[in-house]
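So this first bit is one chain, no partners, the form predicted on its own, shown in structure tokens.
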């Protein structure tokens, strides 16, 4: 083989070697180790015992795990059925050409996603406080019958989390919808308007089919992000799952089990189950997208 051909054959490996090295070191190797750990019972990092599928069998009858799954599913439902419609509504509003100051409003609605989750958790922890919290004080000012001692973080943890996440993420998801709306075929919109279609009919029969691929992608991102929820409830609920563990999520339970209790094997089993759930969600979204494209 001539030297030039030899160099051409090795060039791709030379250029991809840094990525492959980092991927093997920081992704593949930890994944393999966590898979091994999932079949072990650990008492700290140095004491381990092989237990086979016992961690997964215990997980199936662990009430705390299922409570974490229930809380995470409720939060995910809130993200899909509350947060995304709000984001779509903002995008529809800011896509109107006659609206003045659209760029400023886009920046205002997007800006919450620029601050950190810890900051948002601390801020809403203060805002949801009884009597002195901004939300209770504001609602009591607007509606005199509102109880200023309303216990947001004691009795209504999931609604509180959903409200905080709407403030944080609605503007971020609005950007996706806004980009999709700006690519809607104008000729179809004008044809529908000439045919006498009203705003709702144009949205349902023209806009919605055009933005459906992006909407499906945003739903998938919201599902994945919701199932990985950790920092926001962890800070909002003072490093706990809240009263009765009503704010405990899957990742919070994984963290408590692995790093507070010290059972890294059981935490790895939880992590692998969570990973399979997310792979299943991605597979379902990809299959739905292929089905839509094929007609």
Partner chain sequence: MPRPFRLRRRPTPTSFLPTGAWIVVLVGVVSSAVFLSWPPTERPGREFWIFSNQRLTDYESAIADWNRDHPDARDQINITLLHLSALERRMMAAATADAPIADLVEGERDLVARVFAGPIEEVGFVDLTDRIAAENLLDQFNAPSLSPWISRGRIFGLPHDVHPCLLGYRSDIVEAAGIDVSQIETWDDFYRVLGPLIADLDGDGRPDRYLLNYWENQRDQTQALLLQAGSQFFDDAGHVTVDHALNARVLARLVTWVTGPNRFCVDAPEFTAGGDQMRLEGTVIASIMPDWLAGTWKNYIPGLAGKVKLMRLPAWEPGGRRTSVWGGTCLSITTTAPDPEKSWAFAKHLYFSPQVAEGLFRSTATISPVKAMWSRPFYHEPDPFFSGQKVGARYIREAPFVPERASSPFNTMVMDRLMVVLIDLKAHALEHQRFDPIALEPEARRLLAAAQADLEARVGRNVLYRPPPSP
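Numbering follows the first chain given and starts at 1. Not measured: the values here are computed from a predicted model.
What comes next is about the form predicted in complex with the partner chain, which is not displayed.
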| item | value |
| --- | --- |
| Position in contact with the partner chain when the complex is considered in the model of the complex, options 96, 131, 100, 186, heavy atoms within 4.5 Å | 131 |
| In the model of the complex, the residue from 110, 146, 156, 217 that sits within 4.5 Å of the partner chain by heavy atoms | 146 |
| Heavy atom contact within 4.5 Å of the partner chain in the model of the complex, the stretch among 219-227, 146-154, 168-176, 77-85 | 146-154 |
| Residue 62, heavy atom within 4.5 angstroms of the partner chain in the model of the complex | yes |
| 4.5 Å heavy atom contact, residue 14 to the partner chain in the model of the complex | yes |
| is_contact(residue 28, the partner chain) in the model of the complex, heavy atom dist at most 4.5 Å | no |
| The partner chain contact at residue 33 in the model of the complex, heavy atom, 4.5 Å | no |
| In the model of the complex, residues of 244-273 near the partner chain [heavy atom within 4.5 Å] | 244, 245, 253, 255, 259, 260, 261, 262, 263, 264, 266 |
